[in-house]
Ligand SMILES: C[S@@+](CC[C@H](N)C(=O)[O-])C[C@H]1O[C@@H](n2cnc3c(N)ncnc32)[C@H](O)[C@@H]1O
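In the block that follows, a single chain appears as structure tokens, in the form predicted alone.
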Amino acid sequence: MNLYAFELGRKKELCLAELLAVLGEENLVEKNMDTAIFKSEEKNFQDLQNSLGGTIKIIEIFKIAQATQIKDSVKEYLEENFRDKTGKINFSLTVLNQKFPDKILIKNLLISSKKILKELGLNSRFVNQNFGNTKPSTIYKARVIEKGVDINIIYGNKNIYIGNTVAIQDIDNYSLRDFNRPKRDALVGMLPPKLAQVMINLALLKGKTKGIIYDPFCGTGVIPMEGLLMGHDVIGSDIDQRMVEYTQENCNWLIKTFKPENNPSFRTFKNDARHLTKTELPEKITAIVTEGYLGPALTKYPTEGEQEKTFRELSNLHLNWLKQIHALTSKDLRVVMCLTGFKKNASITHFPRFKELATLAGYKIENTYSYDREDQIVIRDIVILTKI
């Protein structure tokens, strides 16, 4: 097996959890500040990248070196891989797992690499600005992977890994799905497509490449849409008929626009998840993935009394729908859901006593990961549940 580094997104532990679920914990070599390194036999890296909401880019390791070997290792790689190339080469260089990337190292490597490429008869331009790391969005928009190479110097626990980027997050595709889908509604939540992907991967685990995903609070259909795009059959329901119609329209748009492989199916229906019956859900569901209701929309931080009221209402909702789902699904079912929390500056108030609630419903908490943004009051705790 070859070694690959996965550059992690903003919420590092959540991103790593997704990789462990998809690639297997036994294949993890080491985890550092920005990256996780795995053994893998994967060949179609862009397809893998497109299915990972928490990974920024995938890097193929071509050399494990010491600091004194970095320059020669990059030189050897360029001479071996660009000797027969033609045209102009876009070149970038990234240093990972350093809080403050070494600008002198980056500058020296960029200058020496440009010289090497010139000696090979190639014109080149490096896309790094001010001898700092290149932003992934810049690498993507400059089409560095297609037109040249993005070299990565990755500081590991004991060694330095050197590799080239073989896949990068398709930011245009994410924007298209997020902002151009026919139906959007900020009042019912705006789950990011990347987070929906992460939640689906956490629910299915390694080896379950295709399944039936059910979202009992489908809203505008972000989770069903991402499930379809990843090749899974999906079912969505909601207590609000308007949301059912939104999911239906968005899923139809996604299939027409993106043409998912393996022709995955979807269906939707109006339902209160607290009163779900086997007649409404006869399929053998592989996993339940849902954001659910997070509470009322807020423009300012809620008082302690307002928080308690929201938690009380949500506790009743979650207990009842989880109990109902428990009775209708198989023993090995996994539930990945969002719990409401409130953030003020660096302080977060998490959902109280959810462990006891989950136990009453017949579940245990396998893991919890927080997902928040700097400007948000309401945060999501991503909870993974398995049956007791």
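None of these values were measured; they are calculated from a predicted model. Start at 1 with the first residue shown and count on from there.
Keep in mind that the form predicted in complex with this ligand is missing from the display, and what follows is about it.
Among heavy atoms of Gly292, some come within 4.5 Å of this ligand in the predicted bound form.
Shown alone here, Pro216 lies within 4.5 Å of this ligand in the predicted bound form, counting heavy atoms only. Mapping the unseen interface onto this chain, Thr286 falls outside it, with no heavy atom inside 4.5 Å of this ligand in the predicted bound form. Though the partner is left out of this view, Arg274 does reach within 4.5 Å of this ligand in the predicted bound form, counting heavy atoms only. Of the candidate stretches 218-226, 86-94, 161-169, 118-126, only 218-226 contains residues with a heavy atom within 4.5 Å of this ligand in the predicted bound form.
Only one of Ile255, Ile212, Val188, Leu105 comes within 4.5 Å of this ligand in the predicted bound form through a heavy atom, and that residue is Val188.
Checking Ile111, Leu317, Leu176, Leu298 against this ligand in the predicted bound form, a heavy atom within 4.5 Å turns up for just one residue: Leu317. Taking this ligand as it sits in the predicted bound form, the stretch 230-264 comes within 4.5 angstroms of it through a non-hydrogen atom at Asp238, Ile239, Asp240, Met243.
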